[in-house]
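Let's start with one chain on its own, the form predicted on its own, as structure tokens.
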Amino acid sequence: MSGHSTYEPKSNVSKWFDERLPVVRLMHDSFVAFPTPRNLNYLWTFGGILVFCLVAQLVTGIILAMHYVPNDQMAFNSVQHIKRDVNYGWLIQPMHAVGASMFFLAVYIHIFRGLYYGSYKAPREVLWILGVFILLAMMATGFLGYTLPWGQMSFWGATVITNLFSSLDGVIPGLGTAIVTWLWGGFSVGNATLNRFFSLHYLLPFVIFGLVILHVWALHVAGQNNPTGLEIKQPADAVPMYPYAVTKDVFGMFVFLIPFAYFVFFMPDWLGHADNYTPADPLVTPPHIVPEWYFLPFYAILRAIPSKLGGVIAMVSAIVILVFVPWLDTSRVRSCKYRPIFKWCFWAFAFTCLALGYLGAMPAEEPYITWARIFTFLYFAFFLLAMPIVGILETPSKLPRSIMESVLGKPGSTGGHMPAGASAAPEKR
């Protein structure tokens, strides 16, 4: 972020420290005086909510790791021991388990908001790509964490997902089998697998934390997008992040904590699969193996393709294609608010994702397989057909001349004046 810093040390100690390590100045310029578009809605609070979710997962995960035993004979009982015998384990374990679902719920809303308002367009391409990397790291961490309770669904989910690498045998004979054996640490999912997954599950959240720092850094370099998709052109278009945006984020976070707390205190096990409360048994296969709800759309895409290798490629492509969104969208207008045709495409895409989530939870039989193939086609059609073609063909609605005009209307429609307290001038980028 460029521009003159507005931070002024108040004491001799703070001046001395600021000259040697200006951490306080960095925090002030990044989270207090940073110019924030004045028209942000509550969908922008999910950035702050996601930071809260990450910190909550880190804190609760570190505490759980102090009591969890990564051994195939003791893992399941150690989770029960945490919930029943460890002080506040009845609270910490559900916070971590429910927190994973809430983390993914918030990140999916965050992604859909970015797609709707065009937050991936220049100059925010790197910001968007870093967000996709965070999603990939979250999915890897979520999968590894799902195996740790070592219930039936944990064991068989790990078996099914790791076996997907064996599809690489169709590319290079023996490669996939070698990778699967290496992941397992043997010839089947067992104690070595559990140890490796626990180790990686503990490590990856810190990788996510590092990616989040880069994500926030990229945000402060490019500046925040807003519902109009316009850049800040004048001081009146923005307000300082504190207290305006911070207060809004805090309020949104407390609203988000209401359903979070409801699940933790009243339905801590509702989001989990019933079979996962039975100890892992390699000799008994569950009738229907399904992942956690936040993986279901991609699981449906995987099963929709008859070929094992083709299914794996389609599932991975469904995530990786997000990296190329900034270049697939050919429209010069960012926000769907001013794109009448693409807006319908977006809502059709949102319905497609929900439909794939439902189909992923259903058995792999007709008519679910046929419908999964239809919605898989529609999923990729949104990125490969709608984005490039609609951007060329549609005529966008007229955009306001500035963010300020989008808030107060055209000059003269509201008397041409700003409300009290709205003239604060943040630092200029």
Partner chain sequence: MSADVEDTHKRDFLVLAGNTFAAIGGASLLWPFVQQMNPDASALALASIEVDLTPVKPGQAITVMWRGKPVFIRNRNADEIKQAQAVDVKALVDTSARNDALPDATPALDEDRVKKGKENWLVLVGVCTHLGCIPKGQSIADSRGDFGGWFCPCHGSHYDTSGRIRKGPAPRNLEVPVYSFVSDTKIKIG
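Residue numbers count along the first chain shown, from 1. If you're wondering where the values come from, they're calculated on a predicted model, not measured in any experiment.
There is another form of this protein, the form predicted in complex with its partner chain, and it is not shown here; the text below is about that form.
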query	finding
Sole residue of 195, 77, 166, 101 within 4.5 Å of its partner chain in the model of the complex, by heavy atom	166
Contact residue in the model of the complex, from 306, 123, 259, 243 (heavy atom within 4.5 Å of its partner chain)	306
Residue 331, heavy atom within 4.5 angstroms of its partner chain in the model of the complex	no
Close approach of residue 186 to its partner chain in the model of the complex, 4.5 Å, heavy atom	yes
Heavy atom of residue 299 within 4.5 Å of its partner chain in the model of the complex	yes
Its partner chain contact at residue 289 in the model of the complex, heavy atom, 4.5 Å	yes
Partner-facing stretch of 115-123, 277-285, 227-235, 333-341, counted where any non-hydrogen atom is within 4.5 angstroms of its partner chain in the model of the complex	277-285
